[in-house]
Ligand code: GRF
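Shown here is one chain on its own, the form predicted alone, set out as C-alpha cells.
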C-alpha cells in the first residue's frame, strides 16, 4: 500500500481528483495518510476532513523564522511516514532538507507543458496569462519529480490541451485542470504505486501507461 501525503494551498480540486480515483480504484493500492495546507482557510482542508483524512494547517505566518516553519513542516511529514509527497497546488517553496530526504519521492503538478511557462514566479493563473499572451495554440499540464530547482525535476507525465479562440486565463485554467491535471496527477500516483516509474540520470522512465 502506497501511503501518500498531499500538500495544498487552495481549493483542493486536484486533491479531490485523487480522493475520487482512489475510491473508484483507478489509483490502485494507495491511501492518503495526511493533507497539509499553509492556508488555514483552504477548502482543501474541508475536503480532507469530509473524506476522513487527517488534515492540518502549517503556515510560515505562524512561526518567527523560516527555519522554524521548515522544521515543523518536515517533522509533520516525517511523522506520517508517507512513501510519496504530492504537491497539488502548494504555493510554498519546499525546504531543501525535505527535497534531499525525499529524493524522487515528491511529485508536483504544473499547469503547462514544461519547459514552457514554468520557473520562479510562474504559478496558478499567471501561467495561463503568459500562455495566452504568447499566443500558443496548445497548453497542458506536467507531473514531475521535485528537485532543488523550480519545475526542473524529472518529468513523469504530460498531457496537451488545446487553446481556443477567445480563451481567458480563467477559462483556459479550468480546461487544463479538467482535461489534464485531474487526469495525469492521479495516473502518475497509480504508476508509482505499481512500481512503474524509475529515475535514472535525471530522467523519469515510465512503463505500462
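Note that this is a predicted model, so its numbers are computed, not measured. Positions refer to the first chain, counted from 1.
We do not show the form predicted in complex with the ligand, though everything after this point is about it.
Using a 4.5 Å cutoff between non-hydrogen atoms, residue 73 does not count as a contact of the ligand in the predicted bound form. The ligand in the predicted bound form is not approached by residue 195, whose heavy atoms all lie more than 4.5 angstroms from it.
When the ligand is considered in the predicted bound form, residue 186 lies well away from it, no heavy atom lying within 4.5 Å. Mapping the unseen interface onto this chain, residue 177 counts among the residues with a heavy atom inside 4.5 Å of the ligand in the predicted bound form. Only one of 78 to 86, 109 to 117, 92 to 100, 131 to 139 places residue heavy atoms within 4.5 angstroms of the ligand in the predicted bound form, namely 109 to 117.
The listed set 39, 152, 173, 158 contains one residue whose heavy atoms approach the ligand in the predicted bound form to within 4.5 Å, identified as 173.
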